[in-house]
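Included below are structure tokens for two forms of one protein chain, each presented in isolation as structure 1 and structure 2.
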Structure 1
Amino acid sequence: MTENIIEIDHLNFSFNKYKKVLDDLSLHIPKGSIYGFLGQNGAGKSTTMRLITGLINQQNSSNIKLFGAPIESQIPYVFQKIGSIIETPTLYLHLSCLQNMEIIAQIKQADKTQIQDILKLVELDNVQNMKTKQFSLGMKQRLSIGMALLGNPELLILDEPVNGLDPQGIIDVRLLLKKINKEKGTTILISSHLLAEIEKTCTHVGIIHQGKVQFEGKLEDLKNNAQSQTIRIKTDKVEHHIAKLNAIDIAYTAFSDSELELNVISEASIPEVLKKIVLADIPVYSLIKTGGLEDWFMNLTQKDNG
């Protein structure tokens, strides 16, 4: 059983007595995973990150453990093993890219050579003497990641690292993170509100909604858990085929005049269902998969809003 690098048990937190921000929150981030922390804006992601990194003080912090021990006893020296970006990249704008790296390298006692290696990795080595004031958002993001990588941390805590990046930038960061995770075994905790991104990057997922954890576990498990796949078929007038559909015993809903939505158990059962439709003389003009994780996620978050 792999140990959990971050463990949060039954954490309750509120800024004031009127609103609970985190409600009996429990998270377990396994070592070596890329853990996606998913939730809407305002769900409590940043607050959780701030609590993990000790940026917010709380009364009894025994519910948060890092590397197996409560955080209170380890701050600040535990940060030697951690690189983090909370909310926005924080850089010294009046200093150059290189000087910013030097500051963190000095603090983490990292080798000078590491600075150049990382700058190459995040592709900022050719602008290292430029003042960060002049950097684009993407460059600032990359520099922050670079700074977080100094000192070979065992754990990276990244709060919305692809925020504001263009599609290419997002891909670059995703590939970079996966590379680091694979090559160095670094555990990465990413928070985001973009399900698609999490799906493509992470090995584990934790979903938070209104301060409560709705799901936590491996990504595959999530996908499997996401009940009912649906397929949408474009046909001609739906009402002509109602009788036939009842006959072949397939659950359906009319999405529109000409579209049918059919529930299927899993992806594997789609060909069989299609065969039945075709043999029942129901014309099929197009077929798309809908629902799945995204739908499930939308349902989930709308459940309490609805």
Structure 2
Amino acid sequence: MTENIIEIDHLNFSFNKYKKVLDDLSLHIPKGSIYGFLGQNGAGKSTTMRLITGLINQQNSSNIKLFGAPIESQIPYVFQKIGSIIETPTLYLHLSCLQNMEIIAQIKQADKTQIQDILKLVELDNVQNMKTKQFSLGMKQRLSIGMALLGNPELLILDEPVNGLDPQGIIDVRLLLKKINKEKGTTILISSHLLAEIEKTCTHVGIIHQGKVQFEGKLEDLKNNAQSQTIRIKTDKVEHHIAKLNAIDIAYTAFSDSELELNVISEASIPEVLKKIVLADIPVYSLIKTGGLEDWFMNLTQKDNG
């Protein structure tokens, strides 16, 4: 049985009596995973992370376990095992990259001899003497992750780590997180509202909407839930091609006089379906793909939980 680094069971939380921020929330983050905590802005992701890291006092602290034990029984020592960036990273902009690392190492009472290895890992060793005010946003984020890695934490918690980054910065952070997970064995919890990024980065996913968990499981389970897709093709008169469609055994619906909706098993099966259509001498003037993971996720996180 897989060991869970974080276990949250039936957690409720509110800042006032009028509205719950978290509603019977349960999460299970396996050891060694990259866990994507996915939801729209305001869904409750940051509040959950603040509770896990002790930045908000819990109303019922027994609901959260870290490393197999209730969090309140381990404070403050448990935080030596955790590195975190919640919301905007804080840096001393007038100091160099190396000086920032040294200050955080001193605060965390971490071994300073690991600084150079970490700077190499986050690919900032060649600019370690540059003042951080000269850094791009992506470089600042990688430095912040490096600071969070001081002390060799078993768990890394990152709140929206690619928020605001340009495409190259997003790729750099994604590759870095995968590298940290693979080389150090660090369990990583990432919150995000970006489905595509979670899909490219994570091994496990939890989806939250209006404080409630809508899905939790492995990434492949999430994809299986949303596997069915539809493609809509524009052709000439649909009525001219009914016999051909029946002959090649493709499930279809006549969307209009000149449009067909075809059911496909998965995105990977679309080229084969189109090949059959073309070989059956059915012209294809345009194609629109609907359904799949993105549409499923949008429907899941836009529904009214009432």
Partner chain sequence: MVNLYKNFSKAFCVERIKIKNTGTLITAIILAVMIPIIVTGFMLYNLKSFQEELKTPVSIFESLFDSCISGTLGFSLPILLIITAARVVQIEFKNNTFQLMETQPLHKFSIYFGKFAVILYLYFISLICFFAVHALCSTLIYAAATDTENLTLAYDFSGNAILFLRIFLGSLFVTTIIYVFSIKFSNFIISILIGFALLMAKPILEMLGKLPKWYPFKLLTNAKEASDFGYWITYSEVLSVLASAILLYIGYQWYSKKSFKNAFLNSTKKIVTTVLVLGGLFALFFWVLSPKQTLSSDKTRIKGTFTSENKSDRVYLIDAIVSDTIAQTTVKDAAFDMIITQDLPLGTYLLRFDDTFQKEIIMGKNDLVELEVHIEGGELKAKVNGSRLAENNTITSVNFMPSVAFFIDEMSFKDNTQLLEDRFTTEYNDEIKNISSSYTTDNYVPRQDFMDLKKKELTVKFLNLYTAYQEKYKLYYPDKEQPNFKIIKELKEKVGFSERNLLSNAEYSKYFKAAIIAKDTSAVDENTKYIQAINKLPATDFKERLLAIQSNTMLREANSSAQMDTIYGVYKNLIQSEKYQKFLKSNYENYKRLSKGTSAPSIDATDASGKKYQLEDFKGSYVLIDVWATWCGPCKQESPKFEQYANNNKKANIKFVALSIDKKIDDWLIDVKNKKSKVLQLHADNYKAFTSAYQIMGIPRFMLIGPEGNIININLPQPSDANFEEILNSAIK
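What you are looking at is a predicted structure, and each value in this text was computed from that prediction instead of being measured. Numbers follow structure 1, counted from its first residue as 1. In this text, rigid core is short for the largest set of C-alphas that superpose within 1.5 Å between two forms.
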_Matching structure (the form predicted together with the partner chain), either 1 or 2_ = 1
*asked:* After superposing the rigid core, is the C-alpha displacement of Ala69 2 Å or more between structures 1 and 2?
replied: no
*On a core-based superposition, does His240 travel 2 Å or more at its Cα between structures 1 and 2?*
yes
*So with the core overlaid, does the Cα of Asn41 end up 2 Å or more away between structures 1 and 2?*
no
*Relative to the superposed core, what is the Cα shift for Gln134 between structures 1 and 2, in Å?*
3.3
*Provide the displacement, in Å, of the CA of Ala251 between structures 1 and 2, taking the core as the superposition reference.*
5.9
